[in-house]
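This document opens with one chain alone, in structure tokens, the form predicted alone.
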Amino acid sequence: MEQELIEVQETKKKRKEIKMEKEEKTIYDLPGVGAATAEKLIAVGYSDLMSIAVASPAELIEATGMGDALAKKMIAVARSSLEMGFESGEELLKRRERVIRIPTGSKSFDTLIGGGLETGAITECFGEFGSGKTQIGHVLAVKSQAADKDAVAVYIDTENTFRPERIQQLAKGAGLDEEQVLKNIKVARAYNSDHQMLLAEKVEDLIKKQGLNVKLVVIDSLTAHFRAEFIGRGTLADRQQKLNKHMHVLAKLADMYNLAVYVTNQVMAKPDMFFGDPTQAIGGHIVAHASTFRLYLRKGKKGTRVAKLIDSPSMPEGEANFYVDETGVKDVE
């Protein structure tokens, strides 16, 4: 009996040692990674085993110029070191406890989307001009700092719609320090689709290299450049492929760093639609499938706006009425 107890303790000790060894591994421990390769990987954001494990061979080849076989081997070793695999629903529920919800200021709007804009997810808002998409982006950039003063919002502006004066108004309305709120919003103007995609990839540098507590990424608008640069049916496949890659980067950011992604989307009118609302979001199934929450915004009566939840993994379809004033998003009484 005593011998069995000793054996059990030794087994536990060995397991603990193996676990510690795995936890201590870095990218330098991966096969074929020398100082030069490690520098190339770190320079483009692959600084730990997790970032290697969730990468594709093509991404590593593009970053370092290594061979296909070595890239696949590196990914396999990184995955085995992290023991990536299935987890129980109970474990997932526990992990969901870290989810933060950023409120909009409207109770009905927040209820519609489950309590506010969810971290770890992409929320897409589409609607015609003047429906309130950009205003909600500004509001969220301020509200993300209400609970945590160190929280940072990243605003990728593709249509020259970001206004610091509006942020000051909203910060004042929320009772926050206007200067501090503006400091904690990092704005970048994207001049084409490639620049937009690059800026999204650079968000990881803000988190890892600069140590910023990024809790929100806003892209206003997601499809403007793609729509302008890819004209005609002949370019549709290329456009969708680029959009797919862009959405994949955003989804990875949201999941790995527990941040919320809010994207606005343009619309078009379907000419063959004779009954019902002909408004349709740009980006097709690629954007629709990649978005966790989809909201359709439209103008209501007397200056109000209507938000309709089109898709959600947990909330039923529904609508919420709201209006926007100087202080933010409000409920319609």
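Sequential numbering from 1, following the sequence displayed. Remember, predicted model here, so these are calculated numbers, not experimental data.
The same protein also has a form predicted in complex with ligand GTP, omitted here; what follows describes it.
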Practice task
Please state whether all three residues D110, P316 and K330 have a non-hydrogen atom within 4.5 angstroms of ligand GTP in the model of the complex.
Solution key: no
Completion exercise
Counting only non-hydrogen atoms, the one stretch of 115-123, 134-142, 201-209, 243-251 within 4.5 angstroms of ligand GTP in the model of the complex is 134-142
Handout entry: Contact assignment for ligand GTP in the model of the complex, among R101, R166, K172, R79, heavy atom within 4.5 Å
Key = R166
Exercise for the section: Find the only residue in D255, D177, E128, E229 having a heavy atom within 4.5 Å of ligand GTP in the model of the complex. Expected result: E128
Problem - Contact test in the model of the complex: R294 vs ligand GTP, heavy atoms, 4.5 Å - result: no
Problem - Close approach of A320 to ligand GTP in the model of the complex, 4.5 Å, heavy atom - result: no
Practice task
Look up in the model of the complex whether S51 has a non-hydrogen atom within 4.5 angstroms of ligand GTP, and give yes or no.
Solution key: no
Handout entry: Close approach of L309 to ligand GTP in the model of the complex, 4.5 Å, heavy atom
Key = no
Practice task
Residue by residue through 242-267, tell me which have a non-hydrogen atom within 4.5 angstroms of ligand GTP in the model of the complex.
Solution key: Q266
